[in-house]
Structure formats: C-alpha cells, structure tokens
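Read the single chain below, which is given as structure tokens and is the form predicted on its own.
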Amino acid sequence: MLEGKSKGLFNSENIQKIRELGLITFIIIIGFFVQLRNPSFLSLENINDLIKNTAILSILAAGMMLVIITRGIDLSIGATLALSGMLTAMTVKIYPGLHPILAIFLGMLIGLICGVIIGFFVARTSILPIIATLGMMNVFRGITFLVSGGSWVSAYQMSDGFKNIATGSVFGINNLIFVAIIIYILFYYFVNYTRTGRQVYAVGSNPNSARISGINVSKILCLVYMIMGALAGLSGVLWVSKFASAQSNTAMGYEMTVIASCVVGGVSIAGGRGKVSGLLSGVLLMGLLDNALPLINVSPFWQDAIQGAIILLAVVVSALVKRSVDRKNLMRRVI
C-alpha cells in the first residue's frame, strides 16, 4: 500500500510537474532581477517583442521535441531553415507577385523534402541520427551557397506582401505569434490525443517493444523527421520575412539553441518523455535570456557564456530534483 502511495506521489508525471514548477520559479526569479536593473523589461512593448522574437524558436522546438522523444536528434534544422528561406526568397525575387501563402507552402515543401531525405537515412538505413543529420547539415548548407552564389537576397528585392508575413497581424496578433499558436494547438492535440502521437512516445520509450506490439517504427521515425523538416521550412520563410534578408549562413548554430530549449524544458534525451507545457517553459527561458541580457547591458561577449551557464544550472537543478525523488522512491520500496 505504501509502495502504491509512493508511485502516486513520485511517478514520472509528478516529477515532470516538479521540473516545470522549478523552471517557472527560476524564470520568475530571473525576471525579477532583470526588472530591478531595467524597469522597461516588463513593459507591454518589451513583452510583446519577447514573445514575437521567440515564436520561430518555439516552432522549431516543437518539431525537435518529437525527434528527441524518439531518441533522435536533428542537427540539420539550421541548414534546412537557411535553404528553404533562401530558395523561397529567390523565388519571390523572380516572381514578386507570388502570394505569401504560396511562399509559405513553398518553404514548407522544401523543408519537407529535406526531412524525407533525413528520415529515409535514419529509418531505412539505420544510420545514427546524429551522423545522418550532421552530414545532411553540410549538404544543405553547401546547396544554399551554390544556389545563391554566396550573395544575399535583400529587403528591396522582396515584395511587400512577403515582408508582411512577419510584420502583419491576424485578429490583432502578430503573424509570427499567431502561426506559433496554431502550431502548438495542432501539436498538443497530435501528441496527446492521436494514436500516432502516442506511438511516437512508445517508439522512444522502447523501440523493440513498440515493434513487437505492431507499431511501424520506421514509419514513425520518417514521420517525425518529415514534421521537423516542414517546420524548419516554415521557420525559414518566417525568418527571412522577419529580417528581410536571406543569407547563406542564416541560423548557423541555431540548432543548439533549439535543442537546449527542449532539454531545459524536460524533454529527455534518452527518449520517451517530454510535455508541451515543459517545452514552452524551456522556450520561454531561452527567449527571456536572449531578451533580458542586452537590456541590462551585458557585453555580447559574455551573453553566450551566461546563457550557457544558466542553462547548465537549470539542467543540473532539474537532474538533482529527479535524483532526489528517485532516491525517495527507492527508500520507500525498501520499507
């Protein structure tokens, strides 16, 4: 009976809630100290900028969460983003009358093709995800340089309609934020209420058991990399529209920020665990650090180091909490 009670108190669901609560507390403490240093931090304008600037990161993190849940990783998303953004911007440059919706679909299609290629290598040839995506990252980045000739697509070469993708609004909500909200509603429904979404968790928890129980593991792996690719393609269009510039080195290294958001948000690298609410907390922390450090005049040379240290601290605290809970569970079993 005691064991059953311990399972109720310290099961994985409660551990996740403790992690999220600790992370939110951590975010509030950081926000409090930043507000003391700069009173404009909690202004509506700055909060709106923070959310808007975090929208693309949150979209990419949603796809990465699925990949990590299956025990995988995708290091190519920055390159996929750059390739889809560059090709879409070049198309808009040639056809200024291209409808923004078609431009978005074009970017997603390019990203989807990239995802299909990676999914094929991971699921059909059993190449480790880190190797497959590392290789394709260089391939996609190289293609971006080749098609662009190393030149930029600048703001004056883009149509107003394309640039308005990032600056426009729907129901008073900035388009970037609106797209992120739609993505998360669909994503939440997919992982929690669809059979395929639950199969993603099953594959990540134990691939062999999932295969024995009749789940098509290869199909699930292909699917998550395709979703990741499509979201990276979408992010590429949003990114280029937001900055009104397409460059070959766009988002170089950005994949690490996305992966960090997932890990800080409680998505387990070992696979099988991760919640949308935790992911949002991780994304919020990354967005907060990106917004707050310049506001309190931290040197750009120190910003990366401070972000890395805070992420490491958050992960260590989370790991200590989990280990403490696991130890208590073990002691209760002994009793």
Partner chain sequence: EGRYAVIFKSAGNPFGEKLMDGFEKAVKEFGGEAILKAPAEPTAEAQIQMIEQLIAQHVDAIAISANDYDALEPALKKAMRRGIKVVSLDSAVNPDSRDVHINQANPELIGRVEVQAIYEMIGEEGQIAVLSATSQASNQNLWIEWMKKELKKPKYSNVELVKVAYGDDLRDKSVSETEALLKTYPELKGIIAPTTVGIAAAGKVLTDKGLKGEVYLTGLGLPSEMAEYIKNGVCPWMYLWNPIDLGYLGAYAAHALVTGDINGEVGDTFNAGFLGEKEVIQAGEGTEIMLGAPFKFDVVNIDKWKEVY
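What you are looking at is a predicted structure, and each value in this text was computed from that prediction instead of being measured. Positions refer to the first chain, counted from 1.
The same protein has a further form, the form predicted together with its partner chain, not shown here; the description that follows concerns it.
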Every residue in Gly97, Ile183 and Lys219 with a non-hydrogen atom within 4.5 Å of its partner chain in the predicted bound form?
no
Test of understanding: in the predicted bound form, would Ser241 fall inside 4.5 Å of its partner chain by heavy atoms?
yes
Would you check, heavy atoms only and a 4.5 Å threshold, whether Asn53 touches its partner chain in the predicted bound form?
yes
Is Trp152 a contact residue for its partner chain in the predicted bound form, using a 4.5 Å heavy atom cut-off?
yes
Considering non-hydrogen atoms and a 4.5 Å limit, does its partner chain approach Leu280 in the predicted bound form?
no
Quick one: which residues from 197-230 get a non-hydrogen atom within 4.5 Å of its partner chain in the predicted bound form?
none
